[in-house]
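Only one chain is shown below, in structure tokens, and it's the form predicted on its own.
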Amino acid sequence: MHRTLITWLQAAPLAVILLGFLVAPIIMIVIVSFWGATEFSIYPDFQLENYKFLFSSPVTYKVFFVTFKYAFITWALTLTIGFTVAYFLAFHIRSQTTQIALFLLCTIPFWTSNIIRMISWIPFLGRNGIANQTLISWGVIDAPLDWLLYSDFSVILAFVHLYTLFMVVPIFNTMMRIDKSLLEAARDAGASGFQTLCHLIIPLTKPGIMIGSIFVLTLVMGDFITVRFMSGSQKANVGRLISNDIALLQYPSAAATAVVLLCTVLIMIAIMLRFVNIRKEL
């Protein structure tokens, strides 16, 4: 009994922090999502008008489709890049010092803010930017490419730049836990490099892949600043929809959209966790 009490007391500070800064705000958002609003005020009420308007509007489905498109493409690209980088660091770099140095090199972009890293692409991708001028000087194109900036391409490029490290870190951490004797045993058994990758490395790396996927998908689904700046305000995702409602002081509508987005993300995470028991495999 005494030991149980000590355990609860040790967990109490963290529980209080989670309740105050995570659970309570979510509960408040859910409550506000049922309130009503006029052009000048909001009033406490219990109504479903916000959700009815949200699900009856074709704009909602278009915006969610764009959000899923950005999330899926970013996930596929970050997974490909992140797995390749992690594989190279874990299995092709023998020196631990070199591994650490190269890994820290990957983190250098995180020494600056997301806004600075994102905006740095604008002068590079613009009509008179470095990319277009270089391609013209090489004779690859005759006129500047308009789709490099303020397009889906620039939005996804910024997402990949911002969030690839969230895929590299968990995959690299999981790969470093793989017993190297298993790789030697696979080679001794006559397995090719591709067979070793498919039947040994990828299955053992699934927890890291899943953790990185959760990070990337949740970050992209909720990001609206990147979409706003890199699309020139020509594209919108769910986060941008919430931001616009808040700017118009339509807090109940914004809260309803946030609740739907939260439920969507939680469903996605639940589906992914059905494939891998992260707690058991780590």
Partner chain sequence: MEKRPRSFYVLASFFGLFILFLYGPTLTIAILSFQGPKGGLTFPMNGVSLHWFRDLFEQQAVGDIWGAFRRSLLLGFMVMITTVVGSVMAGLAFRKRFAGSSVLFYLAITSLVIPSILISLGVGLIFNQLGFRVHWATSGFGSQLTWTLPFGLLIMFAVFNRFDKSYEEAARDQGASSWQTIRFVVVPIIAPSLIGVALFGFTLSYDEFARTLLTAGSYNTLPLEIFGMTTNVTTPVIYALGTLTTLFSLGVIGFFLLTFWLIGKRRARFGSDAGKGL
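Numbering follows the first chain given and starts at 1. Everything quoted here is computed from the prediction, not taken from an experiment. We call the rigid core whatever largest set of C-alpha positions still superposes within 1.5 Å between the two forms.
Below: the form predicted in complex with its partner chain, not depicted.
Remark: C198 does not count among the residues lining its partner chain in the predicted bound form, judged by a heavy atom distance of 4.5 Å or less. Though the partner is left out of this view, L183 does not reach within 4.5 Å of its partner chain in the predicted bound form, counting heavy atoms only. Although the partner is absent here, L104 sits close enough that one of its heavy atoms falls within 4.5 Å of its partner chain in the predicted bound form. The shortest heavy atom separation between F68 and its partner chain in the predicted bound form exceeds 4.5 Å. Site residues S120, L157 and L266 are all in contact with its partner chain in the predicted bound form, judged by any heavy atom within 4.5 Å. Only one of L48, I26, L248, V59 comes within 4.5 Å of its partner chain in the predicted bound form through a heavy atom, and that residue is I26. The partner is not shown here, but in the predicted bound form the stretch 74 to 100 reaches within 4.5 angstroms of its partner chain through a heavy atom at I81, T84, V85, Y87, F88, L89, H92, R94. Core-superposed comparison between the shown form and the other one: the C-alpha position of C263 differs by less than 2 Å.
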